[in-house]
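The data below hold one chain only, encoded as structure tokens and taken in the form predicted alone.
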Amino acid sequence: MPEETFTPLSDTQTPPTYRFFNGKEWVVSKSGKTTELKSPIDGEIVGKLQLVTHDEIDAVLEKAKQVQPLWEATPLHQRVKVMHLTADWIRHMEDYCTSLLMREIGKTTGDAKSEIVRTADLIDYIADEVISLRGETLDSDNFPGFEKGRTAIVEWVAHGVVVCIAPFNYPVNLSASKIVPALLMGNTVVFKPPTQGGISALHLAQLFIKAGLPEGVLSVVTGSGEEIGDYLVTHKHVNMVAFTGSSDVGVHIATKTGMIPLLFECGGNNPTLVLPDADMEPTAREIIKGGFSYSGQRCTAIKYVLGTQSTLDTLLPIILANMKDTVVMGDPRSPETKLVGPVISEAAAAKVQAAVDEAVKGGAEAVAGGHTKGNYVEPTLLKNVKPQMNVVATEVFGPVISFIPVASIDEAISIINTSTYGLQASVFTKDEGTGLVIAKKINVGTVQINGSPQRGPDHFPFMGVKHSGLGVQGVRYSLEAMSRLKSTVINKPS
């Protein structure tokens, strides 16, 4: 598909003003307002997004509610076919989407390409998996005290209208990971892309539509969370909200929505515990990759490392030595850049720098980095950090890893479990048995033994506890989350 087929999304101005999709066509909002998106690489305007009105949201949701029963009644094999075709379109547009993603959110070529390729593979995998999703039948005489004569038919059915809200750091992949299972299970979707990253997300939406989704099944509304977020998630026609974003926003949405299903992926702030017997070279490489990939702007990024003082004294020089070859900050479009480009905005960079400055003022030492220029934050290692410092107590969305000395494993576990976050944690040790014992004591969604936190493989369960999330994602788990069990009982006449 050539680039010009995307023109219905925008006008011919430079920079372009993109439209929103009301379920039928790409239109300009009656608000007459737009928001500018600047590239984090050089500050140039990439484009403008519409700021939709509440009336426009009403119309979109009314249409989504109206067509949902028809979409759920569509044979599953037809829904599956649309998803596979969407994946094919994504592969066809791989180079175009990769370039756009790089410019819009500052990913390196490798990271951007990986997100596009992974998204297409994910869509195909989910579409294949849904075919095997089964209900069941239950007979009454299986339970003591009941005789034959009742049969329960248990099946998976759609929630109805699902609002999907995606983040800036994976605007293609984390949009598809919500939209696809929701649509396959018979829901209609109203999609709110992130502001930064929204142009890439709009292009993804157009590929779904081009693949053959009927009118009203997928709609896309754009605008800031402050202006339309609460109105959207609390609307009477919304039956479920799937969200990825900060813990603060997740908590806010949860307090507003009432008794509807929620599927949330929120902040991570992930810890790493290094035992004295760990193989330090691969441990160092995993910490570097886990902490600095995409400038630390991942919910699965390593944020702090725990170990005895002697363990950290051994580990830190090895990390510093490895960083010379594996971490190079710069323009993500340059082949010389490795792992660290700009963070998403100067405001984000200032927030990261403030946390680093507060830690240094409180006694921490920057053994690498520690400075910011514009929205480029140096890859930073802080030692002698205390758990109560903001650089540890809050999720710092940037390339900063803090090192906290502890006297014992129990102290490390206590620090981890006291956190308000609980997405993932890592334990590095040559003794996997000890790793398993420690993993049982750590209160997070996933513990990685001898590996950095990560979302994939995408068919693994992915979940958080406390302020890190609600529900379980990951192919089959996402399909189940985007639906509910319904039971019909047939009673034999007495």
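Remember, it's a predicted structure, so these values are computed and weren't measured experimentally. Heads up: residue numbers just count along the shown sequence, starting at 1.
Form predicted in complex with a small molecule: not shown, discussed below.
Mapping the unseen interface onto this chain, E115 falls outside it, with no heavy atom inside 4.5 Å of the small molecule in the predicted bound form. At a distance threshold of 4.5 angstroms between non-hydrogen atoms, H237 is out of contact with the small molecule in the predicted bound form. Within 4.5 Å of some heavy atom of the small molecule in the predicted bound form lies at least one heavy atom of T300. Heavy atoms of Q454 reach within 4.5 Å of the small molecule in the predicted bound form, making it an interface residue. Partner proximity in the predicted bound form, defined as non-hydrogen atoms within 4.5 angstroms of the small molecule, places exactly one of 149-157, 128-136, 165-173, 343-351 at the interface: 165-173.
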